[in-house]
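Take a look at this single chain in structure tokens; it is the form predicted alone.
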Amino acid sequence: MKVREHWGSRLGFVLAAVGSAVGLGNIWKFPFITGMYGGAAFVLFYLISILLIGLPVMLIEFSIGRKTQLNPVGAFQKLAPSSPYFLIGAMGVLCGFIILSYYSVVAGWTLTYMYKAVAFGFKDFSSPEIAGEAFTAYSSSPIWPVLSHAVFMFLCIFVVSKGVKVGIERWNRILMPTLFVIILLLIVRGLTLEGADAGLKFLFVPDFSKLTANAMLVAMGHAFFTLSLGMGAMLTYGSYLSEKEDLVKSSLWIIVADTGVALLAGIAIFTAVFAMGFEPAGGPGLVFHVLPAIFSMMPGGNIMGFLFFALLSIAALTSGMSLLEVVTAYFIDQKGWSRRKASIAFGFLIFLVGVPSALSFGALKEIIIFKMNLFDFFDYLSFKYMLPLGGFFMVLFTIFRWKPKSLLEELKRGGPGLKISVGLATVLLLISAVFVGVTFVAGVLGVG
């Protein structure tokens, strides 16, 4: 029997888990949905959603992973043998596979724009419209999006194939501090721009008249997505933990770091957006349309542009590693594959599945499913259905099969000072289940 790998240290685990949570959702999606849904009031409800939805599900995933020392499928088979609960884990593995297939495409865009900032600069992007036309030309190319997607998947395979300690942990120890340094440099530059205070006001002074029911649902959905929950990533990372780890304390650190990066990214982006006189509600085009135009007008914009897209690329890579690890761990545990074979084989398969998404803005744009191109369809399927469903069933499993008492026992193994009754834990889990259920129903109904 193979000896299971473990994290080399608590810091290594926390940095890896933060790396999984901190991704494009923090630095790309969070700022643009904050801009679309009114700023500070949206941020406040998002923080509440993180505590009500994110923390309970994260604790469940870490606890199940550490308790079983297995991948998502094997974990549920061990806790509930001869039952269909293993399908929760199977959906997590499939979800991680699907998400990485199109997530890698976006990550490839960030790598390309990091190169563009150095090689050509953004001097020709004098307006968001011109920058948007350039991005459309690039994303509809039959070659470049596929090539950049391939480069990103190669990086993920390279790291994951090295293992938990030598690969994932070691690279997160390098990449996560680098990410924080870059984001602080961008904040300093943003704050030195005239008119930056308007961006800070937009982000931190709430106007509750702008907090609509739709905005609340978006905040709840993003709180779930941003922490890498429901896709088996945190459960898999938890399976490499020792019983000495304080799961509650570590989870709180991860949530604080993840939310902190999102807010810091908001400061870096909105100080520049307001200072240069642009519209904060730029939607998904904020990063590839509006920001390149801002960098073209800003003194030192080439350097800032390179740093920003390097920041995006690092965030994408640390999340991409965890998504590939979910699939890799399944084939190591359940099928007895070597790590190298599993990571290369399924990294390549994920690349192939992602090619249609990479081409869905050009050569395959005529392929429409439910009024969506292939990229948007995979995003919709995973974000609106698979993630909330996975989290919902995981909470129900904990309440009715594994039991809150077992969860608390596992949490107290590394944190004996935890004082919470089984009754209160059950109530909190039920509240979390309701919120996750509402998020799922809203997605099905097309709200939020």
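One rule holds for the numbers: they count along the sequence shown, beginning at 1. Remember, predicted model here, so these are calculated numbers, not experimental data. Between two forms, the rigid core is the largest collection of C-alphas that superpose within 1.5 Å.
Absent from the display: the form predicted in complex with a small molecule. The rest refers to it.
Proximity to the small molecule in the predicted bound form, taken as heavy atoms within 4.5 Å, picks out 315-323 from the listed stretches 297-305, 149-157, 315-323, 118-126. Think of it this way: in the predicted bound form, the small molecule has a heavy atom of just one of Leu24, Val438, Leu429, Val14 within 4.5 Å, and the residue is Leu24. With the partner omitted here, the residue from Phe225, Phe288, Phe378, Phe274 that has a non-hydrogen atom within 4.5 angstroms of the small molecule in the predicted bound form is Phe225.
Within 4.5 Å of the small molecule in the predicted bound form, a heavy atom is found for not a single one of Leu59, Ser239 and Leu411. Heavy atoms of Ala233 reach within 4.5 Å of the small molecule in the predicted bound form, making it an interface residue. Using a 4.5 Å cutoff between non-hydrogen atoms, Ile99 counts as a contact of the small molecule in the predicted bound form.
In the predicted bound form, at least one heavy atom of Tyr103 sits within 4.5 Å of the small molecule. A displacement of less than 2 angstroms separates the C-alpha positions of Leu381 between the shown form and the other one, with the rigid core held in common.
Once the rigid core is used as the reference frame, the Cα position of Leu396 differs between the shown form and the other one by less than 2 Å.
Taking 2 Å as the criterion, Pro31 counts as shifted between the shown form and the other one: its C-alpha moves by at least this amount when the rigid core is aligned.
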